[in-house]
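One chain is shown next in structure tokens, namely the form predicted alone.
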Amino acid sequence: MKGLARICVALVSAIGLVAPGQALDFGNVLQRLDVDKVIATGQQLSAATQAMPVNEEIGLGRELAARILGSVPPLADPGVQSYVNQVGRWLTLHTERPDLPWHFVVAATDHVGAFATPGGSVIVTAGLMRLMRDENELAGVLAHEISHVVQRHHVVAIMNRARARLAADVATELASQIVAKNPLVTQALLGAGMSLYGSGLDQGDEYAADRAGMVIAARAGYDPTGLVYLLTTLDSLGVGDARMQLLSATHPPTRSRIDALAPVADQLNTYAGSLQDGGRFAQIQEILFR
């Protein structure tokens, strides 16, 4: 009975995905159906709807980070990388997930951007760091990305996309009478993950990470308005600046982010931010401008 139930789940998923005018002769399809294959696909579809274990989250995140850095390599300066890891890891100690294997990387590109992958990898571009005025602004960006990881925004989005990919695969197999190949869940997750970095998270997730990031920065001893000041700089560049293309495509309008953070800034205005080290930040920026 359980096997039959799994077949029914797979078939119902497929029926719901067949476009009008493309109805299948299900009697003929069922006669030729590879039952074991449909059960396997149904199991994959079910697996992709479950919460992802932490070890799998970490493994997926590392693979996604490797793919991103394969296209945009890390900056070849150990001092810069070490500095950003010091700031980032200090921030993570003030979150609900300090035990993740956090790793921070500066990518060697003039484009403005920052990314996080599931499990604790954070990438910030050299182009964005060149626009920062102090360590508070760096902490604001890193805390924003850390918030995505803590709240598992990418995991949820990737799982949703993977479910759609796997469900579509069931429909494809039925429509082609089990001619199409049956992709692994891992392939669906990686494919969904990489597409996510081109289109961006839900805007609600970005606003949530902005707010949570300011709180993390304040907890860690930084001025929580650092992110607001950096967003103001980015807003002055405008969407026409070539360096801003990726950020503009994957995030809400900068001005709306600034406006949304105003109430949070008012609530956190008692945190003056005494942790930043202006001297070490200036040294790092000097390296970045060489």
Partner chain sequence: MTLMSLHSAGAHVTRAARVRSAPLVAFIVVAATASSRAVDEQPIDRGSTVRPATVFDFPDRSGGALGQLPPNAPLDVFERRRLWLRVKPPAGVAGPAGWVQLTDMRMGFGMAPAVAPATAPRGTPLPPPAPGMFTSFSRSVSGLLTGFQSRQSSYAGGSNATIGIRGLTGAELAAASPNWQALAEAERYAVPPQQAQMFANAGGLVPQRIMYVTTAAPAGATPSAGQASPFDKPSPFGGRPR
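Remember, it's a predicted structure, so these values are computed and weren't measured experimentally. Residue numbers count along the first chain shown, from 1.
Below: the form predicted together with its partner chain, not depicted.
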**Message:** Residue-level contact is defined here as any heavy atom of the residue lying within 4.5 Å of its partner chain in the predicted complex; does residue 52 satisfy this criterion?
**Reply:** no
**Message:** When the contact criterion is heavy atoms within 4.5 Å, does residue 239 count as touching its partner chain in the predicted complex?
**Reply:** no
**Prompt:** Looking at the partner-bound form in the predicted complex, is residue 141 within 4.5 Å of its partner chain by any heavy atom?
**Reply:** no
**Item:** 4.5 angstroms heavy atom contact with its partner chain in the predicted complex for residue 248
**Value:** no
**Item:** Sequence-ordered list of residues in 228-244 near its partner chain in the predicted complex, where near means a heavy atom within 4.5 Å
**Value:** 228, 229, 232, 233, 235, 236, 237, 241, 242, 243
